[in-house]
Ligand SMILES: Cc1ncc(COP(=O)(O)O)c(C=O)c1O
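A single chain comes next, written as structure tokens; it is the form predicted alone.
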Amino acid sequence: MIPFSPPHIDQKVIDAVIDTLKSGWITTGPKTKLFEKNLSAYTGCKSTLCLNSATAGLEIMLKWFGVGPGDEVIVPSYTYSATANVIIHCGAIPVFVDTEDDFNISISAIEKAITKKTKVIMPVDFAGYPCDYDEINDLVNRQDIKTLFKPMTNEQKLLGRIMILSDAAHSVGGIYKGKKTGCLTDVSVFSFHAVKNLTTAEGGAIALNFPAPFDNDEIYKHLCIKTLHGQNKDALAKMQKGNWKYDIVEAGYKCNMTDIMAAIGLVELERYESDTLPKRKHIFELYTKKLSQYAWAQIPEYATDIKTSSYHLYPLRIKDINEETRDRIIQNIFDADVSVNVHFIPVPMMSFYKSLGYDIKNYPKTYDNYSREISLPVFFDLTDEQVNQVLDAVINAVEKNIQ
């Protein structure tokens, strides 16, 4: 059976974890701090905080900005539930908007959804393909949009407009107009979950990039406290001679990254540009070369003059089919011992969100994309021979069901 997305665990990773275990420092420590520094250098952002998940990073940034009951946060209807769940946790209201043909959030739909209650917009770089950040940034800086904004906290007053919180869970290494994701807007949040291009088993990072007069290093220091119980010293600081005494300055959270996780991340980041991205790009190109020969295949957009994907997902769509046919095709692919997936079941289709009154009928492009989408395997150890097996299984399954 060809798996969908196993992690790339080789001897380098194993050795790095063993080295950390033997060091005696396995929670947040020197390797986590080094990983943060290296991520900032790689992405070009101003400061980076590593955490135990991207979900934690999204929620912490909403909390930091003062998002609460009655506030609205605009999100694409085509995303994973985490993007919306964190808004619910804050007591705020997710405002779903439709997406475009490239799976990313519609700028015109964002504009129509903005109200005086809007505090944050959360674009999602679907499959690793960056959103149109210049257009989103320009929108929130437009004077008529800024006039609608009603700041309630010091952070909101200092920014003076809607905050852009990019869900960049998929897009480490993605490029937009010559810049990497992480430095494209106010703040971006990456995921290092087991199935991601760059993994730390679990984990995530907040890439801070706020404009002046914000001090991103000071925000980093505050977030370190907020994400460790509100404690004003972490374990590394308390280990210094005579520095044991600490204080709790707020009722914080517990979502720090460990050095065991960071050890994996350091190895993966070091070889990301030289090994990981080229291999994933190679797999994408093999899929595209073969599937482009078939009229029924809608090839995903993953590279243009201004955008390059991180090659996280290959979201193939089958033209002129419905959801039921797509599901039969998937079953036939599995029957050929090939694992595929669907990214994602749109959030408004989930029971919890339907119970709140959301209806997928209000997001027709999202549903159309979802109903015809099949994600093909993309992972470092996938061989060319296995790619051909995947292609044979997909082509046979599709042609069996569309004739």
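Just so it is clear, the model here is predicted, and its values are computed rather than measured. We number the residues from 1 along the sequence you see.
Not on display, but discussed next: the form predicted in complex with the named molecule.
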So in the predicted complex, does residue 309 come within 4.5 Å of the named molecule, heavy atom to heavy atom? no
With the partner left out of view, is residue 124 within 4.5 angstroms of the named molecule in the predicted complex by any non-hydrogen atom? yes
Any chance residue 119 has a heavy atom within 4.5 Å of the named molecule in the predicted complex? no
Do residue 79 and the named molecule come within 4.5 Å of each other in the predicted complex, heavy atoms counted? yes
Contact at 72, 114 and 363 by the named molecule in the predicted complex, all three, heavy atom at most 4.5 Å: no
Position in contact with the named molecule when the complex is considered in the predicted complex, options 67, 347, 54, 50, heavy atoms within 4.5 Å: 54
Heavy atom within 4.5 Å of the named molecule in the predicted complex: which of 265, 174, 182, 203 fits that? Just give me the one. 203
Within 4.5 Å of the named molecule in the predicted complex, counting heavy atoms only, one of 185 to 193, 241 to 249, 286 to 294, 139 to 147 shows up; tell me which. 185 to 193
At 4.5 Å, heavy atom to heavy atom, what parts of 83 to 101 sit next to the named molecule in the predicted complex? List them in sequence order, or say none. 83
